[in-house]
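Shown here is one chain on its own, the form predicted on its own, set out as structure tokens.
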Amino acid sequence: MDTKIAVFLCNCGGAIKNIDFEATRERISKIPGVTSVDLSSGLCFEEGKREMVSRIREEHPDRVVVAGCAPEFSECVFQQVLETAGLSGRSFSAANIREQCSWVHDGDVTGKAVELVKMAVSRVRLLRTLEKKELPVSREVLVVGGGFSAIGTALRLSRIGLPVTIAAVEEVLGATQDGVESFYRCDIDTMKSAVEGDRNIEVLTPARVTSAHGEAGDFAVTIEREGERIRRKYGAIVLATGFTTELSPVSVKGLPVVGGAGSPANIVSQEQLFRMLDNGATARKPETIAFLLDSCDENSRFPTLATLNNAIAARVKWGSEVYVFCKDVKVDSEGAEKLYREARGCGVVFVKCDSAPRLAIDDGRISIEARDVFLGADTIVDCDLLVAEEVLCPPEGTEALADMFNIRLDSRGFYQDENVHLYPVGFEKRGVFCVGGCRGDLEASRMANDIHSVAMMIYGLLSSGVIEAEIERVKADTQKCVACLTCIRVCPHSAIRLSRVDNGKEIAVISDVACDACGICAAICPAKAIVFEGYRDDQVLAQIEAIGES
């Protein structure tokens, strides 16, 4: 029996203007196997999806092709529409007639649009539906860390009904604070009290994760606590280890080593100045304060926010003269532009210099010399207190945890998220997440967003107690696989392992839960042993042959 194929054309709300959709519909309707062709102005809108479900239920097609925008945007949406209408989500193929056709050509591109739809029709005929299976998962979550981000994440997860274990290396939960957390006056004591009164949260301190393996929904983790080894199963893991700061030796070049013998007491960090301003610990209020900014680390938000806040506080509380030596003041954070204007308004002087200022000590005072870009002349300031620039560093143990969970680190040594725009709190290893400063410096609002995002993603993953997985969408052929380990080395999701089959031969086995269907293993396998359903050779060749027919 011939496969019945329904085609849906979408002009993306009129954004596709150089395709004759009536002519396209007429030509597509003549393709063998195509039983219906519908034209819409907004298939991805709720009304468009309802109409699509209705047409599928009326026509009863075996396969569906949608011609519109890029599959990266539309595939997930329309697979859900097909499942709502009673079809398998894998009975779908997309033809990109917008980004790959209309928007890259001048003039009429009706012919190319028809070709792209023909290719999608040829491919969709050969698609196979996949069996889905529900696998039980652990609903308990492990949060690694003991600061604001870790405690906030644990409380949020507990409130949505998920049991949580906090494992922190500190003796007492919240004993040490990241620079951002202390600087923004997070009410850690109230949060600690909430954790202590929450029966859904278990706190292990001091504790360290020593081993972990498994996949989303079923991680086996070993935690060492005071000589005791605790082995648990967790459905998801959240890394919230924060970051540390240290004074940059580059920013105080020419001066005695900070913290060493003969180190001047009037060189402080942002956090030290914050505490001095907060508790009035200084006996004599400094008359002149200088800040060094972005001479050695131009990628961090925290130094800019800390400088602006501390500079304003010093002017208001102490009445000090305040100078900020900087290359640029980056105000991409929430409220940073307002802080910058407020600082200038209260008398903070910004000295823009292209190169790092020259420093010297004269009679106990620090002399700073820099060429002011705007004045075109050298500026010399003698200050009582120098706030040196700090660099942000990942905490001890970051690399060990990254190796344990097989996740990447960025150039600074922080955890590298899967995608900074689309998946900022997730890793390529499904079921492992990161929150707050451990993925780089973040201001308070972004840390709060991280907590909400992680809670939402984990709830969607574990709340039902099962994970639905497609069985053998990507599979290694037992006859072709020679266990060369190439696929294991390149898989970014840690989804492949070696396993023995009935005849004792070792082959690559791909986890249906951990696999993200990226296709890297299938593309690189030297023996062509890995089959990726939806991208089999015959399906790709069918698309190529459809072009040749014209």
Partner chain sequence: MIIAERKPMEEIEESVAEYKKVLVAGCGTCVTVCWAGGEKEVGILASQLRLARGAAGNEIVTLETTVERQCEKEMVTEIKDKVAEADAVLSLACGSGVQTMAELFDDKPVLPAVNTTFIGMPEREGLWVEMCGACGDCFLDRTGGVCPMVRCAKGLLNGPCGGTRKGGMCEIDPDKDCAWVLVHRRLEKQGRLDLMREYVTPKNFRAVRRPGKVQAAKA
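Throughout, rigid core stands for the largest set of C-alpha atoms superposing within 1.5 Å between the two forms. Here the structure is a predicted model, which is why all the values come from computation and not from measurement. Numbering follows the first chain given and starts at 1.
There is also a form predicted in complex with the partner chain; it is not shown, and the following applies to it.
S.K.: Which of Val513, Cys525, Met52, Val34 has a heavy atom within 4.5 Å of the partner chain in the model of the complex?
M.R.: So the residue touching the partner chain in the model of the complex, by this definition, is Cys525.
S.K.: Since exactly one of His60, Arg489, Arg500, Lys30 fits, which has a heavy atom within 4.5 Å of the partner chain in the model of the complex?
M.R.: If I apply the 4.5 Å criterion carefully, the residue I get is Arg489.
S.K.: Taking heavy atoms only, is Arg371 within 4.5 angstroms of the partner chain in the model of the complex?
M.R.: No, Arg371 stays farther than 4.5 Å from the partner chain in the model of the complex.
S.K.: May I ask you to check whether Val482 falls inside a 4.5 Å heavy atom distance of the partner chain in the model of the complex?
M.R.: Output for Val482 is yes: heavy atoms within 4.5 Å of the partner chain.
S.K.: Would you mind checking 120-134 for residues with a heavy atom within 4.5 Å of the partner chain in the model of the complex?
M.R.: None of them.
S.K.: Relative to the superposed rigid core, does Ala522 relocate between this form and the one not shown - that is, does its Cα move 2 Å or more?
M.R.: Indeed, Ala522 is displaced by 2 Å or more.
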